[in-house]
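The chain below stands alone and is given as structure tokens, in the form predicted alone.
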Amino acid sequence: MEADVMFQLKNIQKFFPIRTGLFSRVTAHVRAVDKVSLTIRRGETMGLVGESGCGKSTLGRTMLHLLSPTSGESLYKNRDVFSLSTQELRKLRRELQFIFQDPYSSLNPRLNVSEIVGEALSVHGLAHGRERDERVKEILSVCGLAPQHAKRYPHEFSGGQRQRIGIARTLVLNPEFVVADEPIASLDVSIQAQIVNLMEEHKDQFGLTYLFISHDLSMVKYISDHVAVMYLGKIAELSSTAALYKDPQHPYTIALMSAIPSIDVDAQKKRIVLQGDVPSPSHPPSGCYFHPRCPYTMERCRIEEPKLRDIGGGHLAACHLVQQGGGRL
């Protein structure tokens, strides 16, 4: 593994069993994440986008071993997170943190802010008593909250303030890598920009590396260095942010990009509406998973699954038509 590579995911799969009948026998599996490989370099933000239910959050949780994988490897600094003992994984938690999607349900309503943010310091034996309280107030200040907020409870804060508390809880351990799972999805538009700017400031200040999971393509473009597009548990396209937004290649990515709102009244952007419904992840179609909804489907697409291949300049796409046409749709 290269020195600047922080995370390397290799063919990660996460299947959830479907149990039916009197004896709860496993009759099928939900293929939430299906052979995903991804490289995240130190100091960058990798954006992960796709429709709801495509497996984005499951991938983020699985790579940190918050969910047990079905198969594959999750290499953090060349160590497989999946093969670590409970003791080793516990120590590693200080470096690997998670920002949860819902700032309302992710905070314990019975604990005040000081207890919520400082809990991890106590669990890992890093600070206690007055030292812990000072560390909590310091990190709250960094996240734009006042010292007096430390004794208040979650119900006394707005959604944006709660998400700041969640970010403070993440940063208090000085992590190196953070999975941000839809951190702005439940917030007002005016607050979303504040949270994203706060995350950008922390990235520079603390030297963080992010996996930023979102369905908001505008915010992903703003914060990400590279973007991976996910569809039905697989990576459909992967490229630098500039290249992907300038010249998307996979038909699914093109359709997603066409839905981005624009304030330019002169922009002649045609909205592409995909036909049909997203297939069930428990019974995915043969060949290319996207072929039932793709306007360019060929016979080969129905039979053979496309591999994620470089189509030029580090731009990867899993599409037979793009690869067959020499790298551009």
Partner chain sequence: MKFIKAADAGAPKTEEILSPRTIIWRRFRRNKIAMISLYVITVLILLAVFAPMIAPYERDDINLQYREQPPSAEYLFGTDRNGRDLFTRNLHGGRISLSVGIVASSIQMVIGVVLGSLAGYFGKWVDAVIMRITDMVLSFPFLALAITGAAILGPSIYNTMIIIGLLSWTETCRLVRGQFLSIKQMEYIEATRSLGFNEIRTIWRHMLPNAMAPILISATLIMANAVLIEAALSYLGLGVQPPIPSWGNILEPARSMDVLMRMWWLWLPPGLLIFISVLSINLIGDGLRDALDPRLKN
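On a predicted model such as this, the values are computed, not experimentally measured, just so you know. Numbering follows the first chain given and starts at 1.
Beyond the structure shown, there is the form predicted in complex with its partner chain, which is absent from this document and is the topic of what follows.
**Student:** With the partner removed from view, which of 41-49, 62-70, 280-288, 25-33 is the stretch that lies within 4.5 Å of its partner chain in the predicted complex, judged by heavy atom distances?
**Tutor:** Contact-bearing stretch, as computed: 62-70.
**Student:** Exactly one residue in 203, 226, 93, 77 has a non-hydrogen atom within 4.5 Å of its partner chain in the predicted complex; which is it?
**Tutor:** Going through each option in turn, the one that passes is 93.
**Student:** Using a 4.5 Å heavy atom cut-off, which residue among 126, 142, 81, 243 comes into contact with its partner chain in the predicted complex?
**Tutor:** Contact residue from the list: 142.
**Student:** Give a yes or no on whether every one of 234, 300 and 307 sits within 4.5 angstroms of its partner chain in the predicted complex by heavy atom.
**Tutor:** Spot residues vs its partner chain: no contact at all.
**Student:** Taking heavy atoms only, is residue 152 within 4.5 angstroms of its partner chain in the predicted complex?
**Tutor:** It does: once its partner chain is placed as it appears in the predicted complex, residue 152 has a heavy atom within 4.5 Å of it.
**Student:** Spell out, yes or no, whether the shortest heavy atom distance between residue 230 and its partner chain in the predicted complex is within 4.5 Å.
**Tutor:** Result no; residue 230 lies far from its partner chain in the predicted complex.
**Student:** Counting only non-hydrogen atoms and a 4.5 angstroms cut-off, does residue 165 reach its partner chain in the predicted complex?
**Tutor:** Residue 165: no, not in contact with its partner chain in the predicted complex.
**Student:** With the partner left out of view, is residue 209 within 4.5 angstroms of its partner chain in the predicted complex by any non-hydrogen atom?
**Tutor:** No, no contact at 4.5 Å.
**Student:** Who in 168-202 is close to its partner chain in the predicted complex, meaning a heavy atom within 4.5 Å?
**Tutor:** The stretch touches the partner through 169, 173, 194, 197, 198, 201.
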